[in-house]
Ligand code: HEM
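Coming up is one lone chain in structure tokens, specifically the form predicted on its own.
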């Protein structure tokens, strides 16, 4: 039987220019063609329907482990250099199942309780204000570089206890880590470059940890070091790998939320005016901006046993890609899903995931974003796009802008 063009669709088509600016059109085609779809090019099942993605995220029959388990592609002479960072990455809680995931998450979660996060409010407000003071003095702003990136980067660096002035280098290393996570378009050369960047990232934390053993401080990094020294709570690889994860995830996704959200607001002036008129709408607005153009578009799991999803048989060991970006635009769950509605009721978006891997930093991301949007719109009520043309980062997993020049008055 000859395949139709629809049957040949793939998530990889998200890199095509026609879908780069609007992947949700591709997700709609995939969902309408087959919501539980074997993607030959991705070598994975792809779920695009909310009714399938939400329960799959909670399903204990799926495993998050397996990231970079196969290193047979690395030349023998490079393994002594690259195997240590790879081992550290595989010990991140992002790629763990219980009981190791439970142990690690319980340790780190203490730094992200609602009480601790709320205590950061004054500092976040001050950082946002200082950044906008600088932009106002300049008379213009490239929002990603000047605001959306430094705000969460400074906050998470401060929480971890690393110098905020290192944020540009930390961001470059975080991008190397993100490239490995995305993985779908990496050449061999770029994979080696990304691994080299992660190696430097880990070496950076190893040096800081060495310094901390002689000069302890009161912060998240010190709490993790103390746990590692107890022996049975955190191994050295877990300590290093999760330092990388917290630093990279702690600013990268919030950066994209602020950038994507600002673009969405400026392109929907009626919704923007409503938010300006009703500041109390901000928590609902952030939830809708998360749903409307999520910083993380998908995640993958491996089936631990044979199972059925819809009318399809999933075999043990097969990969399943849970497309949260598609689920967030499923008309069966969200009425008029491609329309921005800041007061959308019952907004059970999946942008932070569900289940045991629900985003640990979600309360912090919400707070940072609420403050970022409120401060930006209050300071620059006439904020507008410098150009309608925008460029998106080339990634299927992460969605964010390369730049967003804006006019302040």
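Treat the numbers as computed from the prediction; the structure is a model and nothing was measured. Residue numbers count along the first chain shown, from 1.
The form predicted together with ligand HEM is left out here; the points below concern that form.
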field: Contact of residue 148 with ligand HEM in the predicted complex (heavy atom, 4.5 Å)
entry: no
field: 4.5 Å heavy atom contact, residue 154 and ligand HEM in the predicted complex
entry: no
- prompt: Hey, in the predicted complex, does residue 101 get a heavy atom within 4.5 angstroms of ligand HEM?
  reply: yes
- prompt: Does ligand HEM get within 4.5 angstroms of any non-hydrogen atom of residue 257 in the predicted complex?
  reply: yes
statement: The listed residue (239, 246, 143, 170) that reaches within 4.5 Å of ligand HEM in the predicted complex by any heavy atom is 246
query: Pick from 365, 56, 26, 46: which has a non-hydrogen atom within 4.5 Å of ligand HEM in the predicted complex?
result: 365
field: ligand HEM in the predicted complex: contacting segment from 203 to 211, 269 to 277, 295 to 303, 125 to 133, heavy atom within 4.5 Å
entry: 295 to 303
task: Decide if the three candidate residues 262, 400 and 405 all line ligand HEM in the predicted complex, where lining means a heavy atom within 4.5 Å.
output: no
message: For the stretch 350 to 372, I need every residue with any heavy atom inside 4.5 Å of ligand HEM in the predicted complex, listed N to C.
response: 351, 352, 353, 356, 357, 358, 359, 360, 361, 364, 365, 368
